[in-house]
Ligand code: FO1
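Taking the form predicted on its own, here's one chain by itself in structure tokens.
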Amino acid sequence: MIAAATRHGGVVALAGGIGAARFLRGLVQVVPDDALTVIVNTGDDLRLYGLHVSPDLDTITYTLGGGVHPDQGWGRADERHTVATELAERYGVPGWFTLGDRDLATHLVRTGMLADGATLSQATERIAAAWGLRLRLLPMTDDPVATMIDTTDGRTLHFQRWWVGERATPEVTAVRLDGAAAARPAPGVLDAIGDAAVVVLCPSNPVVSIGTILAVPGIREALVDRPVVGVSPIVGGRVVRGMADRLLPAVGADVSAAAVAGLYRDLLDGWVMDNADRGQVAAVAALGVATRVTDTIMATPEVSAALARTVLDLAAEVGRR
């Protein structure tokens, strides 16, 4: 499958957050850098202290570049918080979303480039190169979009305010991507998908990571005639990381591996689930989707690489149909 992917346009991965980053650290071991394009969710992006912060792009960059905080799975290793402390203690600036000193450098570079007229794609390319990434890393769009959460108490919150600022406490009635209707895929996104031998849906939140990427006009439609294989972010009826269990009911889905596959049923050809969900194989097969069952808890890079090989093997199978 790896050789075929290299010859026929490579592998495209749709990604967002820690689960995707841990999967990608395995995928880069089995797919050549020049055959891999990663398209990343930007619905989580926000302005903070006047800076443009791209959490998912940065988590993936730091993970693949070897600089992520090993315990958190996000932010920088060996981080200090001198600036955040000064903002809070001297100036009374709320610290609900803390940026470390090393992390600030990334946001300063990005924000400066955007202020000078560069696109988010161009800023991402520069940052990725500085971290030694040789794969192609693309934001889903260069246009401003924002994932918004409607709550049962009548408020509408930016996703990060709901998730980080209020610790996902308010109950959710709806999730939407503001600006999506006017957004365009970033340069290279549709071409990469159109040329891909396989598109991989990383084990990311199906509502606010993969779902937001698919909400950008043209992306979901481009996937329909491509082989698409996904990895379930749900294991044994529970989320591994994050808050998908809080958001899936808001889009009418159960918290299960089969239910998440159902959200992608119009484009999904293959679905990889954890051993704990072996009992859901028949339900996924009833959607017309091929399945594999394996260890999806990516505690080490070796497990991530084995999972990536399983995904590519399944992609080869569905691609021959």
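In case it trips you up, residue 1 is the first one in the sequence shown, and so on. All values reported here derive from a predicted model rather than from experimental measurement.
Another form, the form predicted together with the named molecule, is not on view; read the next lines as being about it.
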Self-check item: Leu312, heavy atom within 4.5 angstroms of the named molecule in the predicted bound form
Solution: no
Quiz item: Though only this chain appears here, would Thr98 touch the named molecule in the predicted bound form if you measure heavy atom gaps against 4.5 Å?
Solution: yes
Practice problem: Decide whether Leu133 counts as a contact residue for the named molecule in the predicted bound form under a heavy atom distance cut-off of 4.5 Å. | Solution: no
Exercise. Indicate whether Val164 is a 4.5 Å heavy atom neighbour of the named molecule in the predicted bound form.
Key: yes
Practice problem: Name the stretch: of 90-98, 115-123, 231-239, 194-202, exactly one has residues whose heavy atoms fall within 4.5 Å of the named molecule in the predicted bound form. | Solution: 90-98
Exercise. Run the contact test on Pro227, Tyr264 and Glu317 with a 4.5 Å heavy atom cut-off to the named molecule in the predicted bound form and return yes or no.
Key: no
Self-check item: Within 4.5 Å of the named molecule in the predicted bound form: residues from 102-126 (heavy atom criterion)
Solution: Asp103
